[in-house]
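The chain below stands alone and is given in structure tokens; this is the form predicted on its own.
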């Protein structure tokens, strides 16, 4: 098994600052200008803040939580905590009060890095409920002028305290950094809580560093690479790349100015490494599809021609077949006219490594990106495995797998079909939850809760969560997530929830993509006042009908899923929202909660009625709630059986043309 030779995260920082002191370590865009910090400046900022924390009484084992957008100060605060023996507990910046209260209280965090007034106010509201909170630290002073509580301090004031502390404690930082051991706890990363309350995953320096070492060896990252850091700091994937992998390889981390500028900032930076969950890849594709809908006729025709060419080339490549010279010529022309400009538009003109992580990506979406030249790979990992534990070699990319295990990682499938992982990156346990630890980590094998298979080449294929794999009354087994991803390939569908366990047929609840459907409605001269109003219009139901029918045609082509075609659907009156506990902060479905909350809708989908009345509560930003009422239409959809082959093939050939008249 790989070892890290006594290394810790602080020791790795000291090493890279010594070896590459003047090289840019991290950038942040502020007021339209990119601010760069070298490795020497990175270390100096960490050192001053670490000493400031020590002056405030932070001891080994104490915990600091960080909440806010990605920023150098957010990462410096976490690394500084580790340098003096503390533990980082990152929080989701859009978490509501009760979610923050649970994690802060459960972890016992004493120091809270809260980026700005919005985050400071959230923590202040919890101060009396969570007595462990001792110090609140902010970076942006806007709006905080009259916040005079002595326990609220600026990041820069704490650095000043650190310099004062150093005068009476020379060498303190270096001594504390050297005291650290690989087996010390570095991070308590809380899971997304798809099935229950979030669990605190305890990860050591060794867990994280070994995993980074193993992955960097097989992927060949370079210190000249540029990583775009925009996903929540609370997500293990961001911490792993923005801190651990950055220290391991020495590449540059880039933080956008704001969430809404991420795309434009990405185009400016031209990252070579990007990590995104499926929802981001889906939304980028939707944006492209929306832009093409508004393009002039000649551009639409050219786009369709060359995207079809790219799909044909991609199919042949996946099947390891020769590409005819005429097709290669067209593809080369498409690179100049369409594919290259598309990648530049997405900010991916210089991408070397692009990853889809966190959940399964629909095969149609995955193939689209690869067909236009984005080296997108599906990989697999959990918080409990210290992030990624499989990868797809460049010459072994497969459409429906997440690759092979990283060297040093073992993967096997249990008799019940569950994916088991044995890795030096496996966590040490769930914080304050020995029972869950014992149920999850058995004889060094992590029971992931995911259903999967290993193909003949050793590639792992994830089917769905074990508890979510469903069986119809006739014995047909299907993965809801697989069908949901097919639906989300449509530019008009943002989210879907598929049902069918123990039933005669499959049904779905759908969220429309408000931007693309709104654009479509505008072009049709269809007025609307709100999401709820637009979603229930008969014309929108007809639009979504065509999209669902296309998925049924696709399912009909897969013999073992012909009986899993969608027979009925409804469009929800509201978007699924993490504030309403329907999805996680990383946009994973909380299926159990959804099934309970919308039980009347599910019952309606399996009745003979053509609509169902709903009354439910929604939560707005800030915690305000409101009860809303709606009458939702239920729509039956054409499905196909043996004998309909010619009809289904004809419909499939029509592609994006809507074949159903209103």
Partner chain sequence: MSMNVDRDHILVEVEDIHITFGGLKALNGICMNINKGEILATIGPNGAGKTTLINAINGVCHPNPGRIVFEGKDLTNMRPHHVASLGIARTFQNVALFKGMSVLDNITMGRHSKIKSGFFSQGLYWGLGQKMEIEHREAVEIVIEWLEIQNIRETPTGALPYGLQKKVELGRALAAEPKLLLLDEPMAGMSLEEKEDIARFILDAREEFGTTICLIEHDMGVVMDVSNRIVVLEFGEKIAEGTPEEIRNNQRVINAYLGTDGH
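Residue numbers count along the first chain shown, from 1. Bear in mind the structure is a predicted one, so any value in this text is a computation, not a measurement.
Below, we refer to the form predicted in complex with its partner chain, which is not included among the displayed structures.
Site residues 38, 41 and 171 are none of them in contact with its partner chain in the model of the complex, judged by any heavy atom within 4.5 Å. With its partner chain omitted here, the record of contacts in the model of the complex names 256 to 264 of 476 to 484, 207 to 215, 256 to 264, 298 to 306, defined by a heavy atom within 4.5 Å. Shown alone here, residue 324 lies farther than 4.5 Å from its partner chain in the model of the complex, counting heavy atoms only. Although the partner is absent here, residue 458 sits far enough away that none of its heavy atoms falls within 4.5 Å of its partner chain in the model of the complex. Contact between residue 57 and its partner chain in the model of the complex is not found at the 4.5 Å heavy atom cutoff. Contact annotation: residue 131 falls outside 4.5 Å of its partner chain in the model of the complex, judged by heavy atom distances.
The single contact residue among 341, 143, 220, 434, judged by any heavy atom lying within 4.5 Å of its partner chain in the model of the complex, is 143. Annotation for 23 to 40: interface residues with its partner chain in the model of the complex are 29, 30, 31, 32 [heavy atom within 4.5 Å].
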